[in-house]
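Alright, two takes on the same chain below, each alone as structure tokens: structure 1 and structure 2.
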Structure 1
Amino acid sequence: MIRILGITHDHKVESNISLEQLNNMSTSQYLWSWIDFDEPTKEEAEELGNYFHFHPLAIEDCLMVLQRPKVDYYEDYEFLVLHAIDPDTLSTVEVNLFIGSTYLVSFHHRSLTELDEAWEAIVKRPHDKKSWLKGPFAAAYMVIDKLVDQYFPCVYAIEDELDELEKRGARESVELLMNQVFDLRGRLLKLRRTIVPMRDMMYRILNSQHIQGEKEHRVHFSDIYDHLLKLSEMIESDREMTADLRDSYISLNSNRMNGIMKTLTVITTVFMPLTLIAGIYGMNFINMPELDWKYGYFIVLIVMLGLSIWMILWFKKRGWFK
């Protein structure tokens, strides 16, 4: 679907416009327009070249998903590759923007709530001449801002899970906790692969002299960059926390194994001399004088019991049970 809205020279918003009405943009009745390719068909996607005559490399980037977030400068427009995040799966959805002096073209293969919200915000915005004079960059800023705002709930949800995981760490098995930690690290990695390139792209925009009208919107784009910087720092902090939890669980598991091995070692050591005594008197030799003793059996039991008690006390004195 291709949907179009236009801002007239008297600063009114008109929607449901066709491409034919924008055919001659130099003498158009619109100050600027936003053309949104929402899940376009193959025929609709061809309009990027047939109608707008965008560079073939930019069109290729639109059709070949998934590109890294970036900004390319062309003679009459700027081309941005952005990433939206699916909050359920944390998978990325590519959003492409062409920003010209009199138009904004957005292209995406999936319907996105963020773009719908930006679209509705422009359609329902009260009559405001000052706002519309900012041109397509105002709409582009709104789209990017909506995309970045969607990152925060995803990061906050992981932080809540980390806090909960830390609280119940002593009540669950280490194996289950480790699986949850590695799952969180994998999700953080997905977010990092989206947010860090977006941050780098915004840094490039802020420090570029190529983008039309960028100086006028520096404050707005700087605000988005600050959000991305905060998100990237949160992700790095969460990754460090998961690393600490992982190391703690590994240490806890090793400590438990050491305790189990110590207990088994003590039991084995105590029974070794008892097994030796039982083995000696279990041999079937004829000339074993102790076998004829009246109280030999009881004497051996007492010796074995005394030896066991002495060894346990000696181990305790040596600190084996601490």
Structure 2
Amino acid sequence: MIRILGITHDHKVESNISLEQLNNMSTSQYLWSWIDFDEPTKEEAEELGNYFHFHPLAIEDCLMVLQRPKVDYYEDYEFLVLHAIDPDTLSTVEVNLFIGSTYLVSFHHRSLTELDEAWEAIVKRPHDKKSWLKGPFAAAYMVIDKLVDQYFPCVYAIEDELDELEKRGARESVELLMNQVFDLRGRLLKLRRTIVPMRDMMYRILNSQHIQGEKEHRVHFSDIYDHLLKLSEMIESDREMTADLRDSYISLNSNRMNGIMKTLTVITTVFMPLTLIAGIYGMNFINMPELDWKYGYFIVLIVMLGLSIWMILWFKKRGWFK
């Protein structure tokens, strides 16, 4: 679907313009316009090359998936590749923006609520907050802002799970906790793969000559950069927390193993000598004087009891039951 929105010279917003109508834009009916390629069909995608004379490399980047977020400066326009996050799978969705002086062209293979929100925001409130409608650059800012805002709930969800995980602690099976930690780590890695390149791109935008001039834009883009910086710091810090949790579970496991081995050793050590004694007096030698003693049996029982008590006390003294 291609949808078009135009701002007239008297600051009205007209939406649902067709591509044909837009052709007359050169006759400057509109101050500027936003053309959104929303899940375009193959035919619609071709319009990108026909109507707009963008650089072939840029168009190729649009059509290909798996690009890195980046900004390319062409003579008449800027070309941005951005990454949205699909909140369910945490996979990335590409959004391409062409920002010219009188147009904003957005191109994305999947429909995105973030773009719909930005679209609505411009369609609905045209008159107040004029500065927001200064032109394509402001609209582009709005799109990027919505995309980045979408990252936060993903990171917050992970932080909440982390907090919960820390509280539950030792009560649950280590195996289950471990699985959750490794799941969290995997999700953090996926998020980082989206957020860090976005942050780097925003840094490059902020430090390039191209945007320097317009003070108002800088303030806004610097705000987005701060958000991305905070997000990437949260992710790094969360990854360290998961690493700490993982290490603490591993050491918990090893402590439990120690406990298990102690139990086994105590049991073996206590019962093996007793079993030997019983075995000895089960031998069938003809000449075994103790067997004929009247209280031989009871003496042996008492010796066994004494021996086991002594051994348990010995283990206790060495601190095995702590």
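Please note that residue numbering is based on structure 1, beginning with 1 at the start of its sequence. These numbers come from a predicted model, not from an experiment. We call the rigid core the largest set of C-alpha positions that still match within 1.5 Å between the two forms.
- Here, the chain labelled structure 1 is taken from the form predicted alone.
- A movement of the C-alpha atom of Glu290 reaching 2 angstroms or beyond is seen between structure 1 and structure 2 when the two forms are aligned on their rigid core.
- Two rigid parts move between structure 1 and structure 2, and the turn of the smaller against the larger, rounded to whole degrees, is 8°.
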